[in-house]
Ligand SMILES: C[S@@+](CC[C@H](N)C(=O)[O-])C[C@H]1O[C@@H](n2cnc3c(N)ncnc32)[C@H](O)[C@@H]1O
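Shown next as structure tokens: one chain only, the form predicted alone.
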């Protein structure tokens, strides 16, 4: 496998070549870059054909799977050396005398709540470079799911973080930015090899890698944070259906996600938070999101679950069969689709939900009258926030706790303020002076749009942290010539909901 001794010389060569996201996009252009997102490498290959500057050579080798002359490789990797790169598992020699990448190695940059960071991430070559179906022990690089989870991570400082099912180590690297120590586990030794190499390549020495399934490698230990992009894909457990370590957890249906949720309870410190992605099944008309919420309730964990999408069994099967490299029209396609549909039919599965899960072990001495228990559906929930949703989730958790601390009798005497990203939209029927609809829009977070009454709109507009909610309600009731108690009840209930959505802040 990869030789860790190559990490330092390779880092120097990548630095020297300016092997960055922006440089690569500049080399092959926007059209080719867009084509690569669609798994089409031809425009990029044509753009880099014959180019021998180090960044172009590295991109041809490690992203496009192109063959490159040994002399050009030696010039691009002067510190590492071409021979050492072959011996160390970075490159492979072809029968045509050319060298090709034995791994995928590409630059990665991200903007999060802590600022801008850039790494190089090694993983197995994908279909785009090899032209073949994936091996069952394939180690995935940075995909859409891993990018989603990293954007959801709370940015708050943590002492110890567990990355459960680390894969190539990308979540562990993200966690290392806010954690004193990260423990990264995986059932795949191959994945751990890539994780160790990526940590060394990027100069991160606060991650400990351990082999084992789920929570076995950390038995008896607790963490301030757990993050996991678990192998949650629901795959038939029958002959002829390939199972991929990076996505298939070896359990029937959605049992693996349920096991990750249940196990979090004994591995979180009081007040600790777990964040993961997952699938849940809708069985015989039983709501899948409610089933997932029940997993957390049974584990006595607080929860915030967000279902992003829900699809039928046929589309689910097609998505993941394609993910493994099998194309429609081939001899394996229809038997595989049939196996997936049979598996779902045996359990009475009508639909499959996908979404985000946030769990929290109640802190010692925390109020018990208002636990965090939310299950909601927000399509395309990650939105366009360039720094991800992590800061928003953290702020809403803090607001929930502040509200719980006030207690049911303290809300009316507390002053609130409207969040700075909130705007109001008013709609009028032609010729009418009073608005027919008032909508509060959230610029950040989940980008929520909530229709409110004139009384609530007035209360939000006047919420500048100076006047208590009860005082505002009394003044608005007089202005609107409405019953003061009825207005207070309405404004109180809506303000609490707006706080839970991040539009109003205690």
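This one's a predicted model, so the numbers in the text were calculated from it and none came from an experiment. Numbering follows the first chain given and starts at 1.
In what follows, reference is made to the form predicted in complex with the ligand, a form of this protein that is not presented.
- Among 235, 171, 275, 80, the residue placing a heavy atom within 4.5 Å of the ligand in the model of the complex is 171.
- Proximity to the ligand in the model of the complex, defined as a heavy atom within 4.5 Å, holds among 335, 212, 348, 407 only for 212.
- Only one of 110 to 118, 198 to 206, 136 to 144, 424 to 432 lies within 4.5 Å of the ligand in the model of the complex by heavy atoms, and it is 136 to 144.
- The ligand in the model of the complex comes within 4.5 Å of no heavy atom belonging to residue 281.
- Using a 4.5 Å cutoff between non-hydrogen atoms, residue 325 does not count as a contact of the ligand in the model of the complex.
- The closest non-hydrogen atom of residue 103 lies beyond 4.5 Å of the ligand in the model of the complex.
- Taking the partner from the other structure, the ligand in the model of the complex has no heavy atom within 4.5 Å of any heavy atom of residue 193.
- Residues 167, 170, 171, 186, 187, 188, 191 of 167 to 205 are found to place at least one heavy atom within 4.5 Å of the ligand in the model of the complex.
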